[in-house]
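We give structure tokens for two forms of one protein chain below, kept apart as structure 1 and structure 2.
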Structure 1
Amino acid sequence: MEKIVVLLHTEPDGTLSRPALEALTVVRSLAADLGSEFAAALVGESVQEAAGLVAGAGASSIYAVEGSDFHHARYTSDAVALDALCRRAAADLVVAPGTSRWNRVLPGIACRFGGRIDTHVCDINVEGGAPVVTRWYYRQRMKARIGRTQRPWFIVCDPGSFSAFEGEVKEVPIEPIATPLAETGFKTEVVGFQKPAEGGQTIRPDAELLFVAGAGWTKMQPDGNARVGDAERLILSFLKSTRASLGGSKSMVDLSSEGQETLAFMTHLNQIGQTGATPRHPKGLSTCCHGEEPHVVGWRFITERRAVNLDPNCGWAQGKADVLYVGDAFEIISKVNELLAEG
């Protein structure tokens, strides 16, 4: 029988993030399919609130490393905590959410234990009594199914691929795990966070809406002028009001490298599709983009797709969008911003 543990870290307020709740869904399903119990290992300044939810998910045991040293993400302290927790749990299968904090440290932990690790896992099944994971490669253009005999096996789940656990909070005893370096301190000190200036952050992975801008925003408009400045103001106003995440077509992000005028805040980090990102937002709105196949590939996990384009025969109209608004994006987004401002 496989021994299973789920590794979770709390947020600064002591709660569990959505990726952590998705990992709980995964480990519950995996344990049920294998006929095993699962334990939980928590890291954070305070884990009481999170432990109650984990207990409600059915964890048989809960181990915890907590204290002010584990409030922030830091490789040294996280590595010490995970090393101690994994040794105590002695699990064969280790399930974890693919957060930036865990992605930084888990490969090193897997190496310490002589195990194997698979990241960006988007599905897990049990076949022939053994787990088989599914993950994407090459910007999510190729899919592979992987099974391993090596143990421990660290399975890191891609956020947005699973439903989040919802359940009752229960009381359960927590076993505190001591860490050797916690008493002597760590060489690296976390002094705080630096945030982008207002309006500077355009990529928001947890946003409900993905707003994609195509190269049409920078083209000559009916009045004979390229209105890039107006486009920037409209798009930034929309992003500020909706807290949407900004994406861009390949043609849009390539304009800057070609010496053409483009949106000042658009970079290759915003690129969606054709070697760009493949986001998982619930809703997507594409503007001034013709819906070319390479770009639409990046939308495969968007649940609801809408687009704005002047051309009623563009690619979005060929069954690639749920709704196509035929009209001028400048006029439409301007009106939407007015409605958003009115509340």
Structure 2
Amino acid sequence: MEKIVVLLHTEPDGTLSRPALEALTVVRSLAADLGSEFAAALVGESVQEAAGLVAGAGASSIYAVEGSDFHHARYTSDAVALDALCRRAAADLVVAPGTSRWNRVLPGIACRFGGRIDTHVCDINVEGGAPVVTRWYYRQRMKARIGRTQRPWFIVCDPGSFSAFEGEVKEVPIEPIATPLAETGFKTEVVGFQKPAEGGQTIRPDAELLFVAGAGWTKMQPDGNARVGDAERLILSFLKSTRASLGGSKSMVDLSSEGQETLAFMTHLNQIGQTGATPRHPKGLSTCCHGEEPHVVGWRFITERRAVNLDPNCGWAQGKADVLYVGDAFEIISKVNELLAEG
């Protein structure tokens, strides 16, 4: 029988993030389908609260590495913790959430244990008594279902792909796992976080709506003028009333590194597409963006798609959007903002 463990880290406040709760859903159903138990391994400054929930999810044992050294996400300390935990759990199948913290360190741990790793897993089933995972290749252009014979097999779940576990908190003993941390010391210190400078936080993974602004917002308009100031106002007002997440095309986000006038709050982190993000939102609205293939591959996980463009033959018209409104985004978004303000 395959031994299964779910690896989770707590947040600075001791809770589990949504991706962690999704990984709990995954490990529960995987264990049920394989007729196995699962253990849980936790890392963080404090893990008590999380352990209760994990116990409620049905973990047969809970191992933990806890303490202030594990407050921050850092390869060296996380690797020490995971090394110790994976040794203790001695699992064949390792399920984990694809957070930035785990994505940094888990591949190295898989390598250390002679294991294999698949990330961005968006579905998992059991076929013929063995797990089969689904993930995308070539930047969401094709989808593959794969299986592996090597163990341990690290299966890293793509956040947003599964439902979050909800359940009762249970009392359960935690087995603390010692780490050789004091002797190793760290060469790296996490010194803080940098927030997006202008316009506040515009990337909101949990938003209902993705709003994409393309380079057209900064281009010369039919009246012969560029209207970057107007564009900024309109977009910020739209984001404020809808709480949408802001995306940009590559041409849009590249403008700043090319020294051209651009929206102050648009950075490379907002980029959607081949060399940008592939976020998951129920709806997406594209404005002033041509809808070229390298951009639209980033819309793979946007369910309903609408676009506003002056050009009736833009990419969105070629079966890439559900609705294309041929019109001026300045005019349309301005009206939309008025209507949203009226409530």
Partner chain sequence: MNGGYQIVVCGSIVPDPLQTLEPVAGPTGPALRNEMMLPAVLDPWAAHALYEAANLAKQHSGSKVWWVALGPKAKLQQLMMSMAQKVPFELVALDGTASGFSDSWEVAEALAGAIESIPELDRDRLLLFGGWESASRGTGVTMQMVGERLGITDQFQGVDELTIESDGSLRLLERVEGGHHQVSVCGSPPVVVGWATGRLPEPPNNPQVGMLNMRTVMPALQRAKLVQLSTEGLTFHSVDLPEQRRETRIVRDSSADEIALELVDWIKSD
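Each residue is numbered by where it sits in the sequence of structure 1, with counting from 1. Being a predicted model, the structure only gives us computed values, none of them experimental. Only the largest set of C-alpha atoms that superpose within 1.5 Å between the two forms is called the rigid core.
Between structures 1 and 2, only structure 1 derives from the form predicted alone. For T242, a C-alpha deviation of 2 angstroms or more is recorded between structures 1 and 2 after rigid-core alignment.
Superposed on the core, the two forms differ at D206: its CA moves 2 Å or more between structures 1 and 2.
In this overlay on the rigid core, E37 has a C-alpha that sits less than 2 Å away from its partner position between structures 1 and 2. The shift recorded for the CA atom of F265 between structures 1 and 2 is 3.6 Å, with superposition on the rigid core. Superposing the rigid core and comparing between structures 1 and 2 gives a CA shift of 8.1 Å at P222.
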